[in-house]
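The form predicted on its own is given below as one chain in structure tokens.
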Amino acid sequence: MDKPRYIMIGGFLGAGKTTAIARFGQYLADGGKRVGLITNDQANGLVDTAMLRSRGFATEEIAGGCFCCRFSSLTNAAENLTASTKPDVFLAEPVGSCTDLVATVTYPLRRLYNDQYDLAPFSVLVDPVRARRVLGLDDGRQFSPKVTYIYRKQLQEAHAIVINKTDSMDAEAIDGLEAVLKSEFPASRIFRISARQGGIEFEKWMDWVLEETIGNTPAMDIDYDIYAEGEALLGWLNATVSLNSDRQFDPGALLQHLCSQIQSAVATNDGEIAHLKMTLSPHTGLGDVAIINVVRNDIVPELSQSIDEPVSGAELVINLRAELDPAILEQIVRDSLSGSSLQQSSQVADASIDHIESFRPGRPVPEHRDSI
């Protein structure tokens, strides 16, 4: 019997990894393959996990650190999925602020579990707007140099750099981005896709990932002090909130209002959103979920999944990652959930925070690191 294919898909916060994995997983399932998904975050309560499970995927979540620092948890998650689902393909999404994953995850998996998994090359997705700014092609709000260091290291280690969201930018701008990526990262294969739309280019990338083998390229050099300092500049916030109202409200309108409030407050405090994701699940729903995403300060909040009917009660899950002090992020979220803020949106609802945590990621300490 063939070994299951293990595919890790990385990229910075907001690159569209979860959307790509969901489409990839559906493509495999439609082709008769069993799929197991593994999500990853620095804390519990991940929006991505809820979204993927709502679409029927067998999903394990690893919280409390990246795959590199939770390598044993990663292999345990794969074993759990093997016992329950027996996947033909594993799709794994690491934390978007992490790098050095080939040396600390892919190569150790090959050394320790080569008889159990068929390892695919590592793909790194990029949002073209963010990538053009990081690479100096466009003006716009930037992360600080140490956060940008992590971003560029992700590109450096990629076997394939996947320009995502090509439907959101004109072809000439994508051409310019691709030319710079090829010049600066010549060892990487470049793909251009739209995870939201799918299509032939998406299938070309999937076919490559499913068939290509990993070479023996030496692991990249990386300064873990700069890496740790860059991650520590990012604020992390997860919250779970109960929403109740004496009259029905529009889930999408409420999510858009909250996103706009948070965006404005982050910008006012001289921060930059890396990714803000929220889900709203009705108390009386049968698996319905509304989902909204924001990947920088200067973007209109976008519903990626909606609920057609109004609701009077729901659970709201917020995942916010931004370059800003986490204590400030928490105050922003609390203010946005206040009664006066919600009433401004004409969505009369009482917001009760069931759980909230905000923090900076700790120093990455990989369980393994293989140089080749």
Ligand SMILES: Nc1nc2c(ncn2[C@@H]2O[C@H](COP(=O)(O)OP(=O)(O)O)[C@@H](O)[C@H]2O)c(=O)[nH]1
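What you see is a predicted model, and the numbers here were worked out from it, not measured in a lab. A residue's number is simply how far along the shown sequence it sits, counting from 1.
Beyond what is shown, the protein has a form predicted in complex with this ligand; the following relates to that form.
Only one of the listed residues (Thr85, Ser245, Ser168, Gln261) places a non-hydrogen atom within 4.5 angstroms of this ligand in the predicted complex, and that residue is Ser168. Of the heavy atoms in Val295, some are within 4.5 Å of this ligand in the predicted complex. Heavy atoms of Ala195 reach within 4.5 Å of this ligand in the predicted complex, making it an interface residue.
In the predicted complex, at least one heavy atom of Thr19 sits within 4.5 Å of this ligand. Heavy atoms of His275 reach within 4.5 Å of this ligand in the predicted complex, making it an interface residue. From the list 146-154, 76-84, 228-236, 187-195, the contact stretch for this ligand in the predicted complex under a 4.5 Å heavy atom rule is 187-195.
Site residues Asp250, Asp288 and Gly313 are none of them in contact with this ligand in the predicted complex, judged by any heavy atom within 4.5 Å.
Scanning 224-260 for heavy atoms within 4.5 Å of this ligand in the predicted complex gives no residues at all.
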